[in-house]
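Okay, so here's just one chain, in structure tokens, the form predicted on its own.
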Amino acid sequence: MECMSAIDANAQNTQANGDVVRTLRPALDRVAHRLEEHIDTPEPAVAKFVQHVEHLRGKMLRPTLAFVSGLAVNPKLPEDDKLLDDVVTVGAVIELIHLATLVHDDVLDESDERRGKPSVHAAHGQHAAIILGDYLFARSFHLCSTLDTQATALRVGEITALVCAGEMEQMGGRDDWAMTKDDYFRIIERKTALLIGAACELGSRHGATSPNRAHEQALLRYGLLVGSAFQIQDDLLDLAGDPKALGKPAGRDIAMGKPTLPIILHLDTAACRTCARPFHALLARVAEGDEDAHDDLIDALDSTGSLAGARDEAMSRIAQAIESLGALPETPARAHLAALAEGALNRQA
């Protein structure tokens, strides 16, 4: 089945970027095949749960970034099958970890839907979802071990541990409406941005003909900034996005007691310090599904510029991400990475 990231369509504004997209399509097809090949099982009891993974796979953002990062440091990457195969493996490893976190997140968030379809735990129960997530983690680590170097496996293990730590920190911060911006940014860097940064870093490492730490670090920084902006956009969509496009009800973060950037910015304003208690009561009404309360919340956030402030923060991080690409050679792939960064802010789901 042909796969291509939904947001890379935003990057097809020049002939050069169109050329990148044409090389991206077969690479992502190989990632999809590698994923299917690696999680496929002849055991019926396992296969019925694994079938849900196909529904979880969405934009393939992380494999896209792994390949384009490799292409940015080595324009001849598609011609070197060994290097390309390693980048495909890296993309599949990171995507499997991402899919595992989605399965577990739906359990933690008690989400009945994922991209408009029943979540694994809604269809088969929490125990099955937890074990399926564990299975995907195990398959990702097994696939990573097929690479020639242990360094990547060590890096992937380190990052996965930090992703889990970020999730635990977020759980500990539920209903903590006094959370600071620094706490919030640390959590989203671990939960969301690190895997995106790892895709860029490791894609460039395995795509290069020779090691270049400066390129790897520049792409890691790019990925961390794009990943954090991506999460801030998720925060905004959760508050003001289209539930049909999102595949989940609006205000889900508030219902789960997750302080997100617009809420933190609002609570940090002088206008809200004197009315924190009524605002907390408003959040409680939103959490209960009160649609009028949700409209009142949007009005309150608009009145203090908190929605715009969160959007500005995301835009600033995208600008910094694009600036970090200056350490790379000027190539169509580098331009494509810049366009992908901008596309992360324009998405509606």
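Treat the numbers as computed from the prediction; the structure is a model and nothing was measured. We number the residues from 1 along the sequence you see.
Unshown form predicted together with a further copy of the same chain; subsequent notes refer to it.
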Item to check | Residue (of 277, 213, 82, 174) lying close to a further copy of the same chain in the predicted complex, criterion heavy atoms within 4.5 Å | outcome: 174
Item to check | Option touching a further copy of the same chain, based on a heavy atom within 4.5 Å in the predicted complex, out of 195, 99, 107, 188 | outcome: 107
Checklist entry - Okay, which stretch from 107 to 115, 261 to 269, 82 to 90, 215 to 223 lines a further copy of the same chain in the predicted complex, with non-hydrogen atoms inside 4.5 Å? => result 107 to 115
Checklist entry - Taking 4.5 angstroms as the cut-off for heavy atoms, does residue 237 touch a further copy of the same chain in the predicted complex? => result no
Checklist entry - Heavy atoms within 4.5 Å of a further copy of the same chain in the predicted complex: does residue 135 have any? => result yes
Next on the checklist: Can you tell me if residue 149 lies within 4.5 angstroms of a further copy of the same chain in the predicted complex, counting non-hydrogen atoms only?
Outcome noted: yes
Item to check | Proximity of residue 183 to a further copy of the same chain in the predicted complex, heavy atoms at 4.5 Å | outcome: no
Checklist entry - in the predicted complex, which residues of 303 to 330 put a heavy atom within 4.5 Å of a further copy of the same chain? => result none
